[in-house]
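The chain that follows stands alone, in the form predicted on its own, written as structure tokens.
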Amino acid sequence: MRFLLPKDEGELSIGIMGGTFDPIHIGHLVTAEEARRQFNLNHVVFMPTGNPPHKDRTRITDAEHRYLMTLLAVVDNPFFTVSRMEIDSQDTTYTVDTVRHFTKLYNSKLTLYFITGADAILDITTWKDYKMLLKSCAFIAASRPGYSFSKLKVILGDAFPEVIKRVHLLEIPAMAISSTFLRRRVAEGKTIRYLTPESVEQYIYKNRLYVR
């Protein structure tokens, strides 16, 4: 099954929120909702990664579990949806290919944003076809309060001007929560209540995910 948005909505403004979502947590949801409101997005599409190029695939939870947890987390928000596009792909998945897919599908009717963490932007010059990616969509970079783009300027060097004009900073207090933190708490037998939706919490316990 491949995700499709209705083509009869006229002009569309869509945010793609990519991530392993291993597991999805409150920080992801708060970020998506704040991005939707601040940038007047019609929809936010959660895109669980399939075969990410920058992570050790042997340490990532099965894609079907990650997809189902994401689906459980967003089901009560009519502006959120989940795409299987990347997890159904047998190839290594790259952001530029996902963006090309949406751009081709909706052509000039689409204004596209890619929602990610501000720290991920520090590595954007290592992403596949990053210059083409910057031309195809804008970025919403979610960060903790007080984050400055000064570090970005130092790391990106000559690439900074072309990157920064396509990046919008979005301050999210809940970004202090991470999937790594949740996995560690589950492994240690600690509660993750209120750190992720209850439905996701119960799914994790039922399927014995992240236990040692």
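Between two forms, the rigid core is the largest collection of C-alphas that superpose within 1.5 Å. Keep in mind that this is a model prediction, so the values were computed, not measured. Just count from 1 along the sequence shown to find any residue number.
This protein has a second form, the form predicted in complex with a small molecule, left out of what is shown; the following refers to that one.
Asker: By the heavy atom within 4.5 Å rule, which residue out of 119, 129, 88, 97 makes contact with the small molecule in the predicted complex?
Answerer: Spelling it out, the residue with a heavy atom inside the cut-off is 119.
Asker: Among the candidate residues 68, 177, 35, 186, which is the single one with a non-hydrogen atom no more than 4.5 Å from the small molecule in the predicted complex?
Answerer: Of 68, 177, 35, 186, the residue with a heavy atom within 4.5 Å of the small molecule in the predicted complex is 177.
Asker: With the cut-off set at 4.5 Å between non-hydrogen atoms, does residue 200 touch the small molecule in the predicted complex?
Answerer: Answer no; every heavy atom of residue 200 is more than 4.5 Å from the small molecule in the predicted complex.
Asker: Should residue 41 be classed as touching the small molecule in the predicted complex when contacts are defined as heavy atoms within 4.5 Å?
Answerer: Outside the cut-off, so no.
Asker: Report yes if any heavy atom of residue 143 sits within 4.5 Å of a heavy atom of the small molecule in the predicted complex; otherwise report no.
Answerer: Although the small molecule is absent here, residue 143 would touch it in the predicted complex, with heavy atoms inside 4.5 Å.
Asker: Please run the contact check for residue 163 against the small molecule in the predicted complex: heavy atoms, 4.5 angstroms, yes or no?
Answerer: Although the small molecule is absent here, residue 163 would stay clear of it in the predicted complex, with no heavy atoms inside 4.5 Å.
Asker: Examine residue 149 after superposing the rigid core and state whether its CA is displaced by 2 Å or more between this form and the one not shown.
Answerer: Comparing the forms between this form and the one not shown, which are aligned on their rigid core, residue 149 does shift its C-alpha by 2 Å or more.
Asker: So the C-alpha spacing of residue 178 and residue 145 changes by 3 Å or more in the predicted complex; is that change toward closer or farther than shown?
Answerer: It is closer: the C-alpha separation of residue 178 and residue 145 falls by at least 3 Å in the predicted complex.
Asker: Comparing against this form, do residue 24 and residue 145 have their CA atoms pulled together or pushed apart in the predicted complex? The difference is 3 Å or more.
Answerer: Closer together, by at least 3 Å.
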